[in-house]
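First, one chain by itself: the form predicted alone, in structure tokens.
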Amino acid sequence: MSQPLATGKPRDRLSVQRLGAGWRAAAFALLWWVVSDGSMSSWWIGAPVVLLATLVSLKLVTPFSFSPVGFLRFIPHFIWYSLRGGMDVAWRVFHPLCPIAPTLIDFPLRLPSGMARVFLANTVSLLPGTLSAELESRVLRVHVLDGNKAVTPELMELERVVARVFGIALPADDASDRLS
């Protein structure tokens, strides 16, 4: 949503921050509306909470781009990976031999540092059978239930989908380096 800083002048940064503040306030207001079950009488405390949350987020979270279309495309991917991961975990639990071989893998990241990486790490943790163990400067360490399963291609696909959510063009790299 927000445009990249074209000139880097303080005036440009201010306009980007105002635009970001509006979106953040709208998101927090929507969250408050959902949490309060749409009760209009709750806004006497909700409005100050939304204002405070917006100010705190502006202080703590740097502006980032966000693509609503990319997010809408992310949702079916997340549902599909969740269902597939849940079925895989259930199969392993009920299998008489309980075929698990837990291990940690290092996934080299192409996403730039910031919100997109955190979003990817949290998404990996939400998917059944995987857990983000550590987010380093260029690597995401992931705990998987089966080290024999090729997880890296799925993580590469998830990284690509997350990049679209944040409107990021991933740098091209040699996929064979990441699959080894």
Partner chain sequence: MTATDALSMILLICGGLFFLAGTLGLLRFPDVYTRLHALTKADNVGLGLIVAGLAMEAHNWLAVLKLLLIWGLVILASATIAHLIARGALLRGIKIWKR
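Positions refer to the first chain, counted from 1. Given the structure is predicted, the values throughout are model-derived calculations rather than measurements. Rigid core here is just the name for the largest C-alpha set that superposes within 1.5 Å across the two forms.
This protein has a second form, the form predicted together with the partner chain, left out of what is shown; the following refers to that one.
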Given that the partner is absent here, does residue 132 sit within 4.5 Å of the partner chain in the model of the complex, heavy atoms only? yes
Can any non-hydrogen atom of residue 55 be found within 4.5 angstroms of the partner chain in the model of the complex? no
Quick one: does residue 153 come within 4.5 Å of the partner chain in the model of the complex, counting heavy atoms only? no
If you check in the model of the complex, is residue 78 within 4.5 Å of the partner chain, heavy atoms only? yes
As a check of understanding, the residue in 26, 40, 34, 45 with any heavy atom within 4.5 Å of the partner chain in the model of the complex should be identified as 34
Need the contact residues for 78 to 102: heavy atom within 4.5 Å of the partner chain in the model of the complex, sequence order, or none if there are none. 78, 82, 83, 85, 86, 87, 89, 90, 92, 93, 94, 95, 96, 97, 98, 99, 100, 102
Core-aligned CA displacement of residue 27 at least 2 Å between the shown form and the other one: no
Kindly check if the Cα atom of residue 128 is displaced 2 angstroms or more between the shown form and the other one relative to the superposed rigid core. yes
